[in-house]
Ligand SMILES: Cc1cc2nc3c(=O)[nH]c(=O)nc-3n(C[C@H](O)[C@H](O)[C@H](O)COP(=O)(O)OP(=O)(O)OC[C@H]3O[C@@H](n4cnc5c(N)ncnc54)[C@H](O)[C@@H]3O)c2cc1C
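In structure tokens, the next block holds one chain alone, the form predicted on its own.
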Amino acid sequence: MNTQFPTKTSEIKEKFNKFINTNLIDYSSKRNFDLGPPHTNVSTLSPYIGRRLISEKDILNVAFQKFKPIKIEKFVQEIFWRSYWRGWLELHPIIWNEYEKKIRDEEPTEKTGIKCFDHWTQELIETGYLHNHARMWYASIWIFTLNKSWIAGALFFQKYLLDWCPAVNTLSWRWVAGLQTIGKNYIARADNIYKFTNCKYNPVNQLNETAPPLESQSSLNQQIIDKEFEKISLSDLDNIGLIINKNDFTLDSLLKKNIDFKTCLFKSDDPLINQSELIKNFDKNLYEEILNNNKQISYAENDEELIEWILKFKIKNLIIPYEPQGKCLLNKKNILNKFTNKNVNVFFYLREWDRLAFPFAKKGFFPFKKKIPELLTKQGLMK
């Protein structure tokens, strides 16, 4: 069992509360230090946020009860980084499309002799997690010292990261490579690693610290689509069925106050995405925990069982968690046709948090950051 990332609801809440009450006050000063597992200087909540077991709004709502927003500004910004990356990729889908075309099997992770790098490889495989600073160092060493493909590196992370997110992972690797902020790459430096691993590693003379950024097709970054993120009204619908899956495990709790519906947990493993046994077991345990705590929720292992559930409860309007770029689970022609053939209307529901944030993610994070107070106000988290 991965004690660093529990799957029992009570243990997840305990982990969350412990960070808020004990470690959040020091987050700003300690967040850049990779002190090794269990990484108590950062929240390590990302595997739960990514699956919406805990929402961004819930986290900040609890945090603001203890601290004023200005006191934990860096933490607030870090919460919004994920929203920014996801929104940016939604508005620049060509980036994901081009990435998918070039995907191939991840490269073998042989020992390099660079102690920190080899340690991070092992930590990632064994725990499913790396500190954010270590991810930046790792990607930089992978690209500029080992001269490996950034795409292969992103795919390697995809296989092993418990908190893998298509937008965060892909765009972060592009940023390190110098493809996201054109002409500006991130270089891992021995002195920086030495400082922020608390003197544990010092790969002096082992890293390429003068590498230029990768050459880019800069025009790709300029290809922004005009996309409307509409608010879906469910009040006029009847015979509603709601699916929860890895894109949003708690959408039912968000909507239950306003509408009457049946809920089905859909086993949403994508056979085309190669992920480690650790991740599969993590998700399996979460499925079991959700079903054990919610006896009224049905379960569908595959498309056929999902159709059986729809027919059993005479579902006419089907609500599915919004599927962002790279996380397409049910928004596929063959599956949507099955719903249509049963005269079922389908709605992909985008949380208000994302609906409000995504339109501001057209450019860099700094313009987006200026909108954070406005977004917090609209979410009822600030006055």
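Residues carry their position along the shown sequence, with the first being 1. Note that this is a predicted model, so its numbers are computed, not measured.
Below: the form predicted together with this ligand, not depicted.
Engineer: Can you check 71-79, 257-265, 228-236, 208-216 and let me know which stretch has heavy atoms within 4.5 Å of this ligand in the predicted bound form?
Structural biologist: In the other structure, the partner sits against 71-79.
Engineer: Tell me, which of 44, 325, 317, 55 has a heavy atom within 4.5 angstroms of this ligand in the predicted bound form?
Structural biologist: It is 44.
Engineer: Heavy atom within 4.5 Å of this ligand in the predicted bound form: which of 144, 88, 173, 117?
Structural biologist: Of the listed residues, the single hit is 173.
Engineer: Consider residue 253 of the chain shown here, and say whether it contacts this ligand in the predicted bound form, taking contact as heavy atoms within 4.5 Å.
Structural biologist: Outside the cut-off, so no.
Engineer: Is there a non-hydrogen atom of residue 246 within 4.5 angstroms of a non-hydrogen atom of this ligand in the predicted bound form?
Structural biologist: So residue 246 does not count as contacting this ligand.
Engineer: Within 4.5 Å, heavy atoms only: does residue 221 come near this ligand in the predicted bound form?
Structural biologist: Flag for residue 221 set to no.
Engineer: Does this ligand come within 4.5 Å of any heavy atom of residue 132 in the predicted bound form?
Structural biologist: Residue 132: contacts this ligand in the predicted bound form.
Engineer: Who in 333-347 is close to this ligand in the predicted bound form, meaning a heavy atom within 4.5 Å?
Structural biologist: If the 4.5 Å heavy-atom criterion is applied to this ligand in the predicted bound form, 333-347 yields nothing.
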